[in-house]
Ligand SMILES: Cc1cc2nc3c(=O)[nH]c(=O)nc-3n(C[C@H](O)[C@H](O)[C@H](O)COP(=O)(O)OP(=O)(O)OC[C@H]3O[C@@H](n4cnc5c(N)ncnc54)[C@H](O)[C@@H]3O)c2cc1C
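There is one chain below, alone, in structure tokens, taken in the form predicted alone.
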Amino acid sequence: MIRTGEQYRDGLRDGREVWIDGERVADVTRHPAFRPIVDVKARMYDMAHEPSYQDALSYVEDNQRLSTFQRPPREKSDWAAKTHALDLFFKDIRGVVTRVGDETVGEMWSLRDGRDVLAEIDPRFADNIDRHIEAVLRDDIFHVSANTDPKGDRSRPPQQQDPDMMVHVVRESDAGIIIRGAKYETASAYADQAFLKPTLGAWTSEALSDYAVGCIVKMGAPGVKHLCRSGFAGRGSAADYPLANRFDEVDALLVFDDVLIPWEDVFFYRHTRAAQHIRATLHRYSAFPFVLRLLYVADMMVGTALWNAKQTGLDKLQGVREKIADLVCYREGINAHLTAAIAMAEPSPGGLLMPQQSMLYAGRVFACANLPQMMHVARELCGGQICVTPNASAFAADGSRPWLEKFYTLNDAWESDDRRKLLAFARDLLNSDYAGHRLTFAQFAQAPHFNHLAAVYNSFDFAGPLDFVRRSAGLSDRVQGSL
């Protein structure tokens, strides 16, 4: 059954080992670096129990109320429901977050699409993925996905350096496998579990490898250590950094120090074919909610830039309108790819309905590749005041307040307080340490750009263009046979 926010918080008080800024965290639900984002995730749980949101954020099946976000998609209406639920959530929290669970559960659906591959290795592995998908749905688990390894010296195989640079199995027992290594993971410190999988093959032609492992890791399990980066929350006041203080999703180096993974939590082990399959299909579902986040980021840039132009009357200038139109085209380009991916959705090998793959992956390239440029366009439209405006404390102090009120008040509609709030929001969206972090995260969260392009190449159907050119150029049938 769907959980409440307090049940989610209780689940995090499991003795997990979390470190930040040299301090061992006693309770992530109360620590100032984690509490804001834990509250955001708790809000998602609580909304599903409120009458005004319940029917959108949950559904009833077999007399159980389950989460819309965790529902395996079988019809286009399921994708529409997920999009609507996320829209309600973002508008309620008044911001955008990436790691709240709906974007990572899709990786398990991808693994179930490869169920036959798992069954060839060991029928237990195929049964395990079925059971875990059901458990995430039934128990409303906050499920994240362990990302890239530290890797070390990439010119050398892991066996020729410290082998722990990539996660691997060090031994097995009747109880399960014991893993060692590390992964970078966003939100691990305040999630329930993670799907751990190889980032890339540490193998060439091997059929078996100790580095080819996919499994579920409980975030409070013995030997799991969360070594977190410094948080952005609390570095400045919420008045000056309204996004960083509410939506910082703390990343961690997730260390596995001889962690036992029970056999029931293992999806594949040693077989490189299974590892290669999941890497090739990992994002066939999860890319959709990931790109959908960038649609909301685009909305924030459009709204911020246009409000800034309107307050001074610059929205009447053609040059300004053209730059805003560039932001709108970026926003609508993302929207068009997402809309088309669902309109052209196709059955998956596992019986689900996946977004049309080449359209989805092309949309991801469009959204990620153009994000830096669009942030700069929005920054230009906001002007230099986002980097020179004093903080809120200066607007409140007796000695400086009258002068700041004088020079920041534009007219009866735009007094100094609203103007300061808009500029602070723009700074945190486009110019702050938090803004730079989010930009880098968007560029690499699902893979670097060359992997995005590889996904487009591998998913596009080249048969139509090739045949069109063959016929138009009058090429012989022998050419067609060479494909």
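One rule holds for the numbers: they count along the sequence shown, beginning at 1. This structure is a prediction, so every number in the text was calculated from the model and none was measured.
Note that the form predicted together with this ligand isn't included here; everything after this is about it.
Of the listed positions (R30, H49, K421, H437), a single one reaches within 4.5 angstroms of this ligand by any non-hydrogen atom in the predicted complex, namely H437. Contact annotation: of the candidates Y59, Y53, F444, W414, the single residue with a non-hydrogen atom within 4.5 angstroms of this ligand in the predicted complex is F444. The stretch in contact with this ligand in the predicted complex, judged by heavy atoms within 4.5 Å, is 178-186, chosen from 301-309, 319-327, 264-272, 178-186. Among residues of the shown chain, A146 is one whose heavy atoms approach this ligand to within 4.5 Å in the predicted complex. Taking the partner from elsewhere, Y457 is found to have every heavy atom lying beyond 4.5 Å of this ligand in the predicted complex. The closest heavy atom approach of R156 to this ligand in the predicted complex falls outside 4.5 Å. For the chain shown alone, D251 is a contact residue for this ligand in the predicted complex, at least one non-hydrogen atom being within 4.5 angstroms.
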